[in-house]
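Just the one chain here, the form predicted alone, laid out as structure tokens.
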């Protein structure tokens, strides 16, 4: 699969969520921070984006902790995203 197609699929997963807050947060992250991630962090973000909102939201709001250290780095970055 081409990189452009992969990015388009990821964009779709990030912006077609059940929670509007997650649409905005993940969409902004994808556009601003995702291009700066190293490959391990990018893979962790893809894995996080594949999770259901009800599983991902507690990680982002801090009520639950990540067990994977790379995912924890990405979640820390997500927590600092400011939605326009």
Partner chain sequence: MTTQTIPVRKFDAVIVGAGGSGLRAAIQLSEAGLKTAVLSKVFPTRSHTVAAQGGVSASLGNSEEDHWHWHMYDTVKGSDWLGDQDAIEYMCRMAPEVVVELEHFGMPFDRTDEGKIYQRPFGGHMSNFGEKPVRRACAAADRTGHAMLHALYQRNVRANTQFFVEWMALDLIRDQTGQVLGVIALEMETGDVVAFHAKATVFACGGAGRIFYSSTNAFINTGDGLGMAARAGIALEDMEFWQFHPTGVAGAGVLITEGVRGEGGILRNSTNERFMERYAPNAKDLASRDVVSRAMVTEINEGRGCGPNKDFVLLDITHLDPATIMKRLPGIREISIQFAGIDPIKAPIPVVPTCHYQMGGVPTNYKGQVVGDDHSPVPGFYAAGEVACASVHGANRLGTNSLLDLLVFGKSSGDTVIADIRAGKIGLQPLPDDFADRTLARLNRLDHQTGGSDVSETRLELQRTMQKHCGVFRFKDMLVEGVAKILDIEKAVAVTQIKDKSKVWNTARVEALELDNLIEVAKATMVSAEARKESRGAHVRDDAPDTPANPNGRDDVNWHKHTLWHRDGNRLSYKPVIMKPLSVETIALKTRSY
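Numbering follows the first chain given and starts at 1. Worth saying up front: this structure is predicted, and the values here are computed from it rather than measured.
Not on display, but discussed next: the form predicted together with its partner chain.
In the model of the complex, its partner chain lies farther than 4.5 Å from every heavy atom of residue 73. Among heavy atoms of residue 24, some come within 4.5 Å of its partner chain in the model of the complex. Not displayed here, its partner chain is approached by residue 61 to within 4.5 Å at the level of heavy atoms in the model of the complex. By the criterion of a heavy atom within 4.5 Å, residue 49 is counted among the residues contacting its partner chain in the model of the complex. Of the residues in 14-47, those that come within 4.5 Å of its partner chain in the model of the complex through at least one heavy atom are, in sequence order, 15, 16, 17, 18, 19, 20, 21, 23, 24, 25.
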